[in-house]
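Encoded as structure tokens, the following chain is the form predicted alone, with no partner shown.
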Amino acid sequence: MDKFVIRKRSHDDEGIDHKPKRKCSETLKDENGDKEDCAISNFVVKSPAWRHLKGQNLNCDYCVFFSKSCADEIFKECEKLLTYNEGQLAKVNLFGKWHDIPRKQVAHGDEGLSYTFSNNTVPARPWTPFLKKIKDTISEVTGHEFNFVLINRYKDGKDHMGEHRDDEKDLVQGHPIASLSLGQPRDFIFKHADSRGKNAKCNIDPVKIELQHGSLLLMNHPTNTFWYHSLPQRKKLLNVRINMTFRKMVKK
């Protein structure tokens, strides 16, 4: 398959420290030592063009991270290689009742890590060479290290994610979350905590961004302290979206 190329540029004015670019061409093997059928065999790290999203305590950076051809290949590999949680791990507890998560989900990460949200704990499966290559490339470009990824697969526009903040105690406080989008573009909406519901304290307009195929959204501190985010239903959309949110988790 074709090599994936990421174009990298200087980002000093936004405070992101980039590491030297590198090429990765070692043989990929799975946990059993067998060769993995994986598209990612060589990365040349160059520069994406970042767009800064700023508001009242909103601090995010957004770019088209992978070219369309690269994103297409990664998406195909996701559909081929990834398996998702079933049973109790595919449910959340809201207001005392268990509900099926309205999308497919799985987590991978360093040994012993897990992520607890909505009264359910999702353990990390081991890194695969495929996912580790993606993680390492994002770390190389952003200058931030990650040890966990939560992957969501939305089969169409009916699958969705409700309003929430990624502010759980399992997360390293103040560390960015890097969100990679593949497949169907979807609206992503930020709402300020003080502007939600009938008892809103103030009127701060929501911020909406369409997350494109191959794009990366970097949610920097203090965004998740003050802003909720969601991926609402868009019932007319028919195609699959896969999202990977790379995080830095507390090792216990």
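No experiment lies behind these values; they were computed from the predicted model shown. We number the residues from 1 along the sequence you see.
What follows is about the form predicted in complex with the DNA, which we do not show.
Taking 78, 113, 150, 71 one by one, only a single residue has any non-hydrogen atom within 4.5 Å of the DNA in the model of the complex, and it is 150. Between the options 103, 132, 125, 144, the residue in contact with the DNA in the model of the complex by a heavy atom within 4.5 angstroms is 103. No residue in the set 139, 174 and 248 has a non-hydrogen atom no more than 4.5 Å from the DNA in the model of the complex. Not displayed here, the DNA is kept clear of residue 87 by more than 4.5 Å at the level of heavy atoms in the model of the complex.
Under a 4.5 angstroms non-hydrogen atom cutoff, the DNA in the model of the complex has residue 92 among its neighbouring residues. Taking the partner from the other structure, the DNA in the model of the complex has a heavy atom within 4.5 Å of a heavy atom of residue 191. Looking at residue 155, you'd find every heavy atom of it more than 4.5 angstroms from the DNA in the model of the complex. Exactly one of the stretches 209-217, 63-71, 50-58, 195-203 approaches the DNA in the model of the complex with heavy atoms within 4.5 Å, and it is 195-203. Along 147-178, residues 150, 160, 161, 162, 163, 164, 165, 166, 168, 169 each place a heavy atom within 4.5 Å of the DNA in the model of the complex.
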